[in-house]
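The chain that follows stands alone, in the form predicted alone, written as structure tokens.
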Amino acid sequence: MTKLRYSLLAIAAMQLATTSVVAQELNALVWCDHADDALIKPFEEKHDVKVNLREYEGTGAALALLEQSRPGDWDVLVIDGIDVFRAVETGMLAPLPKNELPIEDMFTEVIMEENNSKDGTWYAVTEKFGYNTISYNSAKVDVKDMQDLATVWSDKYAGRISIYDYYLPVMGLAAISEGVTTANMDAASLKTIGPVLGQMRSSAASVAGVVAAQTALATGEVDIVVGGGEWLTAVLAEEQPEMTWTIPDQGAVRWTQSIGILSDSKQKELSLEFIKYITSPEGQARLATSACFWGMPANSKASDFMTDSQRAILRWDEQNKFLRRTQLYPAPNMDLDNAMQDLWLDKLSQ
């Protein structure tokens, strides 16, 4: 065999190897809780694939990334549950086979068929949920006060609270405190909650993102985080058990996140396997206790793969009453959303 033929065979082998590697890669736009080796490595090893993750915050950021990408660049999308319809309306998500999703094993309140499906076709499935509510240091506050939203941000705790810097859940909490349901928020509601937001800001030491709010609570800079929840304090609780959270008597806001396959994906079968893994009891237990933030798994059977301590931190046994007492994020149309952001900037971003 000539040297030329050896060279050509070597090049062909390299090309085949490269093709094989590319064919076994999965590209996913995700929230940070997916970027945990304890969650991703088992899937990679089982399927002999490489999962490439790109973290983002906020549905708008994900949509912007997709608009700037070429068709087929991304395979899987994690998205806020209330925003799935936006992705479906644009044709961004591919249909999912309902019979391969563990819907019957999910907590009923977070199946959210009206959000994750359209005309009987499923495009996404809920993978995790939790609450934007009140996190606090139980050694520094009167715990009974944390059951009344108005007291939480009253003058009594002035200078001792931080407000989570995301307008939808915090404005949802403000609405709930005034007896306005998040599903019925409108322009008139904004007039009602404007003074509440003003009171919040006057009592707040800071308006902060996830890491900054968590750090402020952990270090004692503040004693309360409005808009916090299990996702904020769970990672602190092992070393600082006084860091905890509650659902006030008036209620709180419930967040959900869904996962789906992008319609332009060239790896739909592998993407479906990824979704099946993420929503399996084992995958759900790992996602629920991710290093970035904790939250309740949508699949109730994840309990079998979690420790007593993990379930206790997430208040597993109290979920039925929490689900009954909480409301989904506000889901405003474009005009109301713009008005909400304007009010947020006026009242909170000071």
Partner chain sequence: MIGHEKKLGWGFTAPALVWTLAFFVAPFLVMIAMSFANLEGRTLIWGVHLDNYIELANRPYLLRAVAVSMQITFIVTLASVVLAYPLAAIIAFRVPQHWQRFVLLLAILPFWTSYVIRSYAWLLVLAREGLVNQTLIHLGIIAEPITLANSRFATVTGFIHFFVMLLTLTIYANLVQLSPNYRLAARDLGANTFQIFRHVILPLSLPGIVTGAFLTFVLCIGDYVTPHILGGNNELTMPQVVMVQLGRRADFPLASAMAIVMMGFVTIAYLASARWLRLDRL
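Everything quoted here is computed from the prediction, not taken from an experiment. Numbering follows the first chain given and starts at 1.
This next part talks about the form predicted together with the partner chain, which is not shown.
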One residue of 32, 306, 63, 51 in contact with the partner chain, assessed in the predicted complex (non-hydrogen atom, 4.5 angstroms): 63
Heavy atom within 4.5 Å of the partner chain in the predicted complex, from candidates 190, 205, 112, 180, belongs to 205
Counting only non-hydrogen atoms, choose the one of 218-226, 254-262, 70-78, 121-129 that falls within 4.5 Å of the partner chain in the predicted complex. 218-226
So, residue 337 and the partner chain: in the predicted complex, are they within 4.5 Å at any heavy atom pair? yes
So, residue 134 and the partner chain: in the predicted complex, are they within 4.5 Å at any heavy atom pair? no
How about residue 201 - does it come within 4.5 Å of the partner chain in the predicted complex, if we only consider non-hydrogen atoms? yes
Classify residue 140 as contacting or not contacting the partner chain in the predicted complex by the rule of any non-hydrogen atom within 4.5 angstroms, answering yes or no. yes
The partner chain is absent from this chain, but in the predicted complex, do 27, 234 and 236 each have a non-hydrogen atom within 4.5 Å of it? no
Pull the contact list for 71-110: residues with a heavy atom within 4.5 Å of the partner chain in the predicted complex, in sequence order. 82, 83, 86, 90
